[in-house]
Each structure stands twice: as structure tokens, then as C-alpha cells.
Ligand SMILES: Cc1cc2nc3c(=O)[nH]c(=O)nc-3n(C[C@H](O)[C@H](O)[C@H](O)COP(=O)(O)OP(=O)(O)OC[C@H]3O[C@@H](n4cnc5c(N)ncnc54)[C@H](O)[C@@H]3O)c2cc1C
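Listed next as C-alpha cells is one chain, alone, in the form predicted on its own.
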Amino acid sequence: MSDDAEPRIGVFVCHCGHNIAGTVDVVSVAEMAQDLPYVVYSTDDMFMCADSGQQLIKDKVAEHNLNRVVVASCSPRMHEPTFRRVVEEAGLNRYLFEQVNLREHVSWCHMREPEAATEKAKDLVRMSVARAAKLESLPIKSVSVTPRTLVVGGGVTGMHTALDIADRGFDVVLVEREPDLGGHVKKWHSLYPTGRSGEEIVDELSERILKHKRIKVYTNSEVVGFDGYIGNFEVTIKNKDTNKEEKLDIGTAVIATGFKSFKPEGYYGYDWSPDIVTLAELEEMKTDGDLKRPSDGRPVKKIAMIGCVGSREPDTKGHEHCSRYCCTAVANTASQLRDELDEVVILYQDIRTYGKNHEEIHRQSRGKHVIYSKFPTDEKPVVHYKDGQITITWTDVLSGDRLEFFPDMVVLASAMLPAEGTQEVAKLFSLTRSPDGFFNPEHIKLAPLTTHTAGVMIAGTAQAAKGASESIVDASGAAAKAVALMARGEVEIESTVSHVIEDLCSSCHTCVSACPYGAIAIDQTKEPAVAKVTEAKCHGCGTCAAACPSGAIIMRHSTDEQILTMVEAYLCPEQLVEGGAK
């Protein structure tokens, strides 16, 4: 159907159960839309995203010969792909669809103002209908995908990711900055719930990886260059020993850079005595024999463990997040130590045994008479060290008593923090980070493993603090995402991108500096040189168009005409006629 044909617009207003209709009079919104220019059909429905709602759209496109569709429902972030697919199945170009967000932008934020919310809903629908009349078909574009994945990080997450991808028949490049694979897990004496040592697990994975014909391992190496777009990246890997660099073509990437353990300097006497250690350091010390004091080699008989060290402390170093693994890890270690020691005391702010069946580990430790004592959040335990003797004093919340304990060792369950070099990796791969420093996913619920850099996934503790088992689940998920892209052979890219009008371009480089995705460069092959957009890297954010002093950049699907007609529809609703405002 030609874009030159007179617009015939269908409007579909969704109740979204009670989410929208509980605040907005959706029936009156649909009735209002019926009288707007170019609207030939308007209705409301309980759930537009349901199969029945989707079928309704298809039926009405055919029945009324619609060539534009407006759906007023929830967030486009959730269902725009759904409705684009529906209009395509109905025979329309996917970009002849417009979605209005009545849930997040109206009903949820104005739930105590139903009349005002309804008026706002009418404004938004009227504006979107005006824009829909100006929409144009855009071509559906795709790019080929190089069947090779880069995995950054050789811990258990990266190793599992590499094996999952390679076992499905695709090549993998695994880059680890340390001399050996395994990361933190390799140092742990035992892992719950199996009780197996980290070294045993890592050795099995390493053997499989080193024997796998589709996995190429680069240890003691770093990624120093990353350029290109989804399916067609070029990566530069540098060996830290030889400084030799190698360039490779890849199609997808998985960031599994892991974490670093918080060094609790200034916490609970950690700097004073070798007998005050972190939980990670204790795991490295543990053997099948008796636990010895690092200071003098005497057997340990009594031990104190303190939780949330460096976690959930916004006023110290900004580590507001819960590290999630600590409570279960402390309970597991305490349960094991209790078989050998006379007394194990755990001091805690709260207990959060996060994870399936982890509460059982907590119950098991209590069953072995591990002592748990809750201290006030605003009154931390005080640790003294004098003449080789450690003394801990604290207030027990449940009894209100001031208690004192003389352990042979103190173990601090320290926080998980973003890995060293996370900031550099973020810049290299154009990733964003959360306030606690971990990498942001594209969407915490709808796209937890993909990022805003198309073709780049994140997994494990690169994304947030979590345990090894959850990181391995992430690894399989990220591997599945990468395999899905490579298995297609080519992938569709968004058509709502920026476009340079070369006759107006002055080659001032403003757009190059403004683009947050590195999607614009100056094409020196042309005379005069002009800006050029790599469409596969463009996210359609419009920053370049707003910055361009020459007005040489337009945004496909968000042209000036389309935006201004929405403004006119809002400011001058009484002057609307077919074709725009008077």
C-alpha cells in the first residue's frame, strides 16, 4: 500500500484489565477518537495484547481497509514489538503503527484524578492519531552475523558460557586477564550445596575448554579494542606479557568479568591482626586438617563471623547493595567449622539466605548450635586486639544485653564489588552502569542479559552480586542469546535511525561528538567530506539531530513534521481538520 494513499486510521484503546480502565474512562476516549481526522474505526477492548485483541486488529484492518493503526495501552517497551508484528501480519508496514502509553503515563501516575487522567488520555490519543497520519513506511533491514562469540572473563560464568556456545557448533574466543582460568571460585574450599571444592570444579571445566576445538583461549590478555555493530564487530586482544595485539572478527560478545572482593580496611580491626580475615581468605586457608591461627599457628577453637561488611552501607563507600551470597556462605562455612570447633558465633544485621533451598543451610547451622546474634544497624560490634587476644563487644538486639566474646579468629563476610577495570570495559563496549557500579542490562525484567549495545550480553556477577549457581544460569542464558543471533545467519536492525542530508552537512563534527553510541563518523571519501551514519550502531536517540547546527540530520520515524503535528494537535485541538491543523 502506497504512503501517498489517504490515511485510514484505526484506534484501539485497551482497558488493560483494571490497570487503565480503573482510572481512565476508556470508552469515552475511544468515542473521542472516532471523530478525529482520518479515523475510520475506533473501539475499546479488555486486553489488546491478548490473542483476541490481536485478532481484532487484523480483522478490522481488513474490514475497514486501514493503513495506519494506533493502540492506546501500556508501555511500548513491553508490547510495541507485539503490535508491530500484528500489523505486519495484517499486511501493513510495521512502522505504520503508533502506540500510546496510557498505563504508565496516565492511569498509574494519576490514579487519584480520574477526570484529569481521562482528559490527558484524550490529549495523548489525539496527538498520536495526528502523528499516525504522517507516518511513512520504512524498509526492513538486516545484517549478516559472524558466527563467532567473544567471551570476556574466564571465571565459571565465562567458562560455562564458552562451553555452551561451542557445544552448539559455534566458535568462541575466551579472554581472561589472569594467567589461569577459574576466577574466585577456584580459591574456595567448598561450594554449597554440593560441598565440592572450587578447584575441582574449575579443573573439570578447564580440561573441557582446552580440549574443545571451537574454543580459543587467551590468558593473561585483555580486550583493548572493540568496534563495529551487531553481527560484525572487530575486537583487538592484547597479551600482557608480550604486548602483542591480535584483531579478530566476531558476531556477538558476552561480558562475564566477574567481581572483586571488598578489602575491609578500617573495618573490625582487619588491619591490626592476621587473625582477622575475610570469608574468602578463610576459604583459601581451610584444609582437611585443623584450622590454625595465621598469627602463631595455634589451633582455632572459637571463631566469630560478622556479616554485611561493606554491604548495605551507603554512608561509607556507597556499597548500598546486598551482596546476596554472604548469608548463605557464612551459614555453610559456620556449619562445616562447627564440626571441628568448640564455638562459632555469627553476628548479623539481617539474615537473607537468598536462593532455592538456602534456608535449609541456615537451619542446618542452627541445628549444630552455631550461635546467631543480631546487632543494631546503627551500633556495630567493636573489635579490640591486644597482646594477641581478640575481644568483640556488641549489643544483642533480641535480649538487649551487652555481650562480650573472645574468639581465636574473626571472619568478615565482605561485599562483592564490580571487578577491576569495569569502568574501562564499560567505555570499550558502550555499556552503562548502575549506581553500585555493575553493568546495566537492557531491562531488568524483560531483557536481563542483553545490553543497550546490540549483540553484547552480560552474565554473572558482571551484572550484579550473586552466587555461583545463579551465575551459571546466567551463563547459559547469555549463551542462548548469542547462539540465537548467530544461528539466524543475519539479524534485523532498527530502521528508526538518523539520516544525513549531505547537501546541508558542513562536516563540523558536532554529531560525531554528540553521538553516545559512536554511530557517526566523517566520510572522507566524499568531496566535501560529510557525516555518515552506521545504521546498525544507531539507536535512534535523536541526540545528533538535536545537536546539528545545520539541520542536516533527520530522524526516521521521528521527523520534524511528525513531531510538530503532535504539538499542534495538543495546542489547537479545536482547529484539527483532515491533513493537520488549520
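Throughout, we count residues from 1 along the sequence that is shown. Only a predicted model underlies this, so the values are computations on that prediction, with no experimental measurement involved.
Not on display, but discussed next: the form predicted in complex with the named molecule.
With the partner left out here, the named molecule still marks one of 122 to 130, 381 to 389, 458 to 466, 500 to 508 in the predicted bound form; by a 4.5 Å heavy atom cut-off that stretch is 458 to 466. Using a 4.5 angstroms limit between non-hydrogen atoms, Glu176 touches the named molecule in the predicted bound form.
Although the partner is absent here, Ser190 lies within 4.5 Å of the named molecule in the predicted bound form, judged by heavy atoms. Interface residue remark: Val71 is not counted as part of the site for the named molecule in the predicted bound form, having no heavy atom within 4.5 Å. Using a 4.5 angstroms limit between non-hydrogen atoms, Ala280 touches the named molecule in the predicted bound form. Remark: none of the three candidate residues (Leu150, Gly228 and Thr252) comes within 4.5 Å of the named molecule in the predicted bound form, counting heavy atoms only. Shown without its partner, this chain lists Leu102, Ala162, Ala482, Met416 as candidates; in the predicted bound form, only Met416 has a non-hydrogen atom within 4.5 angstroms of the named molecule. This chain is drawn without the named molecule; in the predicted bound form, the residue among Thr450, Thr146, Ser206, Ser261 with a heavy atom within 4.5 Å of it is Ser261.
Along 206 to 234, these residues reach a heavy atom to within 4.5 Å of the named molecule in the predicted bound form: Ser221, Glu222.
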